[in-house]
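The chain below stands alone and is given in structure tokens; this is the form predicted alone.
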């Protein structure tokens, strides 16, 4: 029954994709028109365009327009056809057979085949920072014919379709990247050959890049835009002025803008501001404890600090309503999210009581102990502002917070990766599924001298077992139940205090259509995007 349902869904989405490609008459307002450039600013500018070997939005956003993938993801976290026109999944969940479109070519005119799919799988698995977690369950990709790619799994992989999306597994041309040169230093990383809707026309590192329409894109009539021009944002104020004047048309991930500037832009008649399109990226911010430090070994101390933090004040006052309070390790956009956890509403009396019980009474100076807070630079509203808030707020319960501002990203990285921190403000992108982007913070065997791993030093074997089960469970209801336990355990143990979901916004000109068409938002191909009259304003 489950296999039949999968086949029915595949057929349904294939038909839907055909309807959308042919007319867009019902799903989108108006009729798409060809023409016009799109100018966008990048706060974090890409150093290259091969996101098969590197995670992060800076590389993935342009990369998703240069490279195509097997599937896309709709707004319901469901796969829809892209390079794969259809697929079947075996009843045991160990074989995924993908049938490729037969008219797709790379930018150099060479056809895309199953050999390119198998090659790309190997590259991502071996080189991407999430490669082992994303593709560990996949043993190999077989290529029985030119247009059939068969993924053979060692165990079920409920997140595989998310992995095969544009943001995580771009299809690289084997004839270009498989020439024997080291993939991380390959010249095609900065002069890429893909099969996406746009191809690189010009690149000045650290300054700008220009993508132009791929005239041979395998979706007839698409893309609609002539060019996408990405410019590095060196001064957020300049970006603010450019957006306000209409010189820039699109800013993603806040575009380096402060929230007060975004609030101002919302008042402009020609600008649209939306928080949609970050559901799969699912950024969650947190205060991380170093559990190797004596005072933080006691869960009552961690719980006391959670009770002392006013998340409502953070979201409503510090973030002007742009962010949302986080309740635990999973972003509220995730299908597996639950709010049935202890959310630690502000309670200073409870916080003081827990600290007393933990054996940290107030001394003559009113403090119980001192601890430092570090944070990484680059997001002042979510990092600097929040760290500054923690100092007077935790003073209310007798904790002397010493702020440790980083000189730069590298110094913060070394501090946290070296497990030298007491506490640090940080965040993660969840990347479409908990097993891809979330597990890494909590797995007992992932305590590495690398940031965005388990640098807190937390270990709970019961939680490890739950993560292991959730990583192979393909029944949605049962997997959701496992992740409910996951969230409940972590919100009691509190190796981290999850403060808020990112106040990320996408800001764009009102005449730009189809800006957000999936849960991946900007990390999606822009082939459906178009100007209302076919001209940029």
Partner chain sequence: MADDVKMNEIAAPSRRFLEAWYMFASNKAALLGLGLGILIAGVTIFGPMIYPTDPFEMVGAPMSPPGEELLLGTDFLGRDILAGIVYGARTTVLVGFAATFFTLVIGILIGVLAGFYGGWVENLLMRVTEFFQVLPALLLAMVLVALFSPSLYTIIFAIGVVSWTPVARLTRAEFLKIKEREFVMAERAIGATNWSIMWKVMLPNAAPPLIVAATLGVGVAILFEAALSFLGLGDPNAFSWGYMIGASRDFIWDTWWAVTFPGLAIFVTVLSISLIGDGLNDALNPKLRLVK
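Positions refer to the first chain, counted from 1. The shown structure was predicted, so the numbers you read here are calculated from the model rather than taken from an experiment.
Here the subject shifts to the form predicted in complex with the partner chain, a form of this protein not shown in this document.
- Under a 4.5 angstroms non-hydrogen atom cutoff, the partner chain in the predicted complex lacks residue 292 among its neighbouring residues.
- With a 4.5 Å cutoff on heavy atoms, residue 401 counts as touching the partner chain in the predicted complex.
- With a 4.5 Å cutoff on heavy atoms, residue 418 does not count as touching the partner chain in the predicted complex; it lies far away.
- When contacts are judged by a 4.5 Å heavy atom cut-off, residue 317 counts as touching the partner chain in the predicted complex.
- Residues of just one listed stretch (107 to 115, 463 to 471, 79 to 87, 385 to 393) have heavy atoms within 4.5 Å of the partner chain in the predicted complex: 385 to 393.
- In terms of contact with the partner chain in the predicted complex, the residue from 321, 405, 221, 144 that brings a heavy atom within 4.5 Å is 405.
- Comment: the partner chain is not present in this chain, but in the predicted complex one of 120, 427, 261, 254 has a heavy atom within 4.5 Å of it, namely 261.
- The single residue of 295 to 316 lying near the partner chain in the predicted complex is 313, the criterion being any heavy atom within 4.5 Å.
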